[in-house]
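The chain that follows stands alone, in the form predicted on its own, written as C-alpha cells.
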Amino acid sequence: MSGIIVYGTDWCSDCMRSKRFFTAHNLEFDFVDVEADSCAEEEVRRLQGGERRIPTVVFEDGSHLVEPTHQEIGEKLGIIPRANREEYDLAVIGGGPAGLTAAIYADRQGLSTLVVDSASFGGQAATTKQIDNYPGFPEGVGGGTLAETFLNHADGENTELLSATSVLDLLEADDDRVELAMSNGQRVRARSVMVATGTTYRTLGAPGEESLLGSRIHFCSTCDGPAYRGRSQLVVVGGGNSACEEALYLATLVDEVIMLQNLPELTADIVLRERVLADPKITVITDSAITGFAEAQSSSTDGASVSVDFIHGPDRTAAQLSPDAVFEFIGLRANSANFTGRLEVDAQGYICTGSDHTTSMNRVYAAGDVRRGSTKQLVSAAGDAVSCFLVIRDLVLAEKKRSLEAV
C-alpha cells in the first residue's frame, strides 16, 4: 500500500473531494471503503475514539486528519497551491455552482479566468444526497455527481482552478485592476472579480454546541448519517425543506428521528410536511427551543451520545433528550466575512448589488447565494452567475478592444 490511506465510502462526496486533491497533485494513495471492509471501519473508530467520521486520511508518518479540507491536507503535506499567472481577465471567488458556471462561460469567450475556493469545489450541492429539481434529471441526481459534472465542465483551457486557498482581501489597483490578497501569500490582479462564495449552515449558539460540532452535531445527513445506521435515535433541529428532507433520509437509517421546530408548525413545502407527518419513525415537537448540549453516555457501540436540553409548548416546559447525534438545519449565513470591510452588505451579511450585479467596489460583482435577494436554489445560482458574467464580459471585451486599437 502507498503511504497515504483514505478511509471512506463510494457515496461520500467529501471522500471524493479528498481523492480528487491527491490525484490533482499526483500523490499516490489507497482508498479503503469502510462499508466493505469491517477491519477498516474498526481502524477508523480506533483512530477517532469510537467515532466513524469520513473521510479519515492517514499519512505515512501515522498521523491522521478527519474530514479534512483541501487546505488542511495541503498544510500537512507542505503543499501550497499557487496561481500560475499574475493577472487574469476574471477572478471568481468561490467554486460552487455559481462560480463554476461563470468559469464555463468565461472559458467559451476565451477570457483568462482564475477560480479560487477556500476548501474544495462543488459548494453545498456536493454534500446533498439527492437533487430532484435540477433540469435534465427527471429521476434526480446525486449532489456529488452533479458537482463533479460542473467541475469537469469548468476545467477548460483558459480556466485555472485553485482550491485550498482563501481570498483575504480585495484592493483597488491604480490601473483599473483589482488585486486579490490570498492566503498562500500571493497577490494576483484581475480586470474584474466575481464574488460567488455562497453560504454555510447556521448554528444555534447554544451552550455546549461548539465543542460537539463535527462529532455529535452535524449539518450533512448524507456525509455523517450513515455512521449512525442501526442506532436508536437522532434529533433534527429545524422545520423547513432541508430539515424535513434530511429527517426523512435519517429515518431510513435509525429507529426514531425527533424533529425540534421552534415555530408552531413545520414550514416546509406541503408535500414534504405531509411525508414527514406520515412517517411513523418521525416525531415532531413544535414550539421548542434548545437551551444547551452536553456529551453523554449511551449503550451504543462507542458508548457516547449527546444530551439535548430544550423547552417547549406554551408553558415552556423543560425537557431533555439523549440521542446518538443531532443534525441542525436552521438556515444559512452568507460567506462574506472577508469582504465586509470593502463591500456593502445587509444586516445578514449578504452582499448588496445593483440590478447589474455591481457591488460598492469598482469592478467587483457578486452572484449566487451570497448576493442579497438570492433564492438559495442551485439552478437560480447558476443562472445568476450567467447574467453577472454577461455584464463582466462586455466590460472586459470592450477594454481589450480599446487596447488593441491603441496599439
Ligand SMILES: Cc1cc2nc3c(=O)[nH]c(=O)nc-3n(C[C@H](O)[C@H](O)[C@H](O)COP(=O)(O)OP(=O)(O)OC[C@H]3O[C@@H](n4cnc5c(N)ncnc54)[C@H](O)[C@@H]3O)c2cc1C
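Superpose the two forms; the largest set of C-alphas matching within 1.5 Å is the rigid core. Note that residue numbering begins at 1 and tracks the sequence as displayed. Small disclaimer: the values here were computed from a predicted structure and weren't measured.
Keep in mind the form predicted in complex with the ligand is missing from the figure; the text below concerns it.
Judged by heavy atoms within 4.5 Å of the ligand in the model of the complex, the contact stretch among the candidates 37-45, 53-61, 367-375, 345-353 is 367-375. Proximity to the ligand in the model of the complex, taken as a non-hydrogen atom within 4.5 angstroms, holds for one residue of 219, 228, 310, 293, which is 219.
Shown without its partner, this chain lists 133, 152, 317, 252 as candidates; in the model of the complex, only 133 has a non-hydrogen atom within 4.5 angstroms of the ligand. Within 4.5 Å of any heavy atom of the ligand in the model of the complex lies no heavy atom of residue 106. Heavy atoms of residue 241 never reach within 4.5 Å of the ligand in the model of the complex, leaving it off the interface. Shown alone here, residue 234 lies farther than 4.5 Å from the ligand in the model of the complex, counting heavy atoms only. The ligand in the model of the complex is not approached by residue 246, whose heavy atoms all lie more than 4.5 angstroms from it. Contacts between stretch 160-180 and the ligand, counted in the model of the complex as any heavy atom lying within 4.5 Å, involve 165, 166, 167, listed in sequence order. Relative to the superposed core, residue 156 undergoes a Cα shift smaller than 2 Å between this form and the one not shown. A displacement of 2 angstroms or greater separates the C-alpha positions of residue 328 between this form and the one not shown, with the rigid core held in common. After superposition on the rigid core, the Cα atom of residue 145 is displaced by less than 2 Å between this form and the one not shown. Whereas the displayed form keeps them at a certain spacing, the CA atoms of residue 215 and residue 75 lie at least 3 angstroms farther apart in the model of the complex.
Between residue 216 and residue 75, the Cα spacing is larger in the model of the complex than in the shown form, differing by no less than 3 Å.
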